[in-house]
Ligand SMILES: Nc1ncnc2c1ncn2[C@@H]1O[C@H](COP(=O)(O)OP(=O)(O)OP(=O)(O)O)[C@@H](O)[C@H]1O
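Just the one chain here, the form predicted on its own, laid out as structure tokens.
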Amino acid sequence: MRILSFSCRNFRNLEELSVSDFDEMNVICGENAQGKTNMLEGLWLFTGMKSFRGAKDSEYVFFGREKSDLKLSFVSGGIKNDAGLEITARRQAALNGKKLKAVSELAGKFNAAVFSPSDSEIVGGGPSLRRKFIDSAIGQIYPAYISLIKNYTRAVTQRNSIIKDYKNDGSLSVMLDVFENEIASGAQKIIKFRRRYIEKIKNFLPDIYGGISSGKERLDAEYILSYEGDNLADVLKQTRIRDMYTGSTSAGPHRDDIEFKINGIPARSFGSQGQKRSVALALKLCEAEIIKNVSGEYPVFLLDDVMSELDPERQSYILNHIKGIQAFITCCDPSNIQNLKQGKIINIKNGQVV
């Protein structure tokens, strides 16, 4: 997977931007609020996924304009592709001149792995962020998983709605049976996907995190269930009384977690900010390896403000030891890229390449 050219009009603060002739390592430089992250976000949207910044489609359009237009030329499987996005209140996509029914149809056509400053919270934040990471990663390589998560979430929402009235109407137990069986069925598939993905990650962690930490640290990952027992439907029946007071479903994949340990010590509680950022980066590099195993080629790697809070050794590893992957890195501090041995530097100021 390799990007040949990218252009956009009226996207965020990028009124008119066009860049081509990319290298394997591409560093996007500029001061804060100049448009560096906006460029990465524009590239990411061609994966068919939602913004890694949590933005709504309407927020992409340059203030006072009616729509944004983005174009991307890339090579996948040795074949050149041209994709386009038109954004108003929603996104519309086209691939090789053909309009797509949904933007999600781009999933699997253009693959990317993205790291943003908030990804450090994958390690230090709450379980929902770790679940979001793994679900997004799985959804990129197995688009059917996205529908599986949506259906599961819908069933949990239905149970939450019913459980609140359960104490006043015992006849609702029949409806609860239906949704709890649906939750249990979906949960079994989701957990299988997630555990299998964690095992794939663990195959790459020793080399990747060992490289980032110069061999000084070992990183382990483990999937943690939110309940005990093999049958989630039985567990949900047992928790009905407790759940009706909270109005929420207390067990299932939507409450599961992933634990990361550095040299046997939980990174969430005891890792430094630099270590947490390194763990998140390692997970993203593992994601790239997994995408390659499934699709046959590496995704494009998008790294937003990855250099801060990393020591020079780890910065050098990112700039010079990520091989075979086309990468785009944003950087505010020029001193952070002094060790760059080879690559393209793109300077952005006021939303334009200078």
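Just so you know, these numbers come straight off a predicted model, no measurement behind them. Counting begins at 1, following the sequence as shown.
The same protein also exists as the form predicted together with the named molecule; that form is not shown, yet it is the one meant from here on.
Quiz item: Exactly one of G48, G42, G35, P299 has a non-hydrogen atom within 4.5 Å of the named molecule in the model of the complex; which residue is it?
Solution: Looking at G48, G42, G35, P299 one by one, just G35 meets the 4.5 Å heavy-atom criterion.
Quiz item: At the 4.5 Å heavy atom threshold, is S18 in contact with the named molecule in the model of the complex?
Solution: No, no contact at 4.5 Å.
Quiz item: Just to confirm, V61 within 4.5 Å of the named molecule in the model of the complex by heavy atoms?
Solution: Although the named molecule is absent here, V61 would touch it in the model of the complex, with heavy atoms inside 4.5 Å.
Quiz item: For C332, is any heavy atom within 4.5 Å of the named molecule in the model of the complex, or not?
Solution: Flag for C332 set to yes.
Quiz item: For K292, is any heavy atom within 4.5 Å of the named molecule in the model of the complex, or not?
Solution: Because no heavy atom of K292 falls inside 4.5 Å of the named molecule in the model of the complex, the answer is no.
Exercise. Between 2-24 and the named molecule in the model of the complex, list the residues on our side with a heavy atom within 4.5 Å.
Key: Sequence-ordered list: R12, N13.
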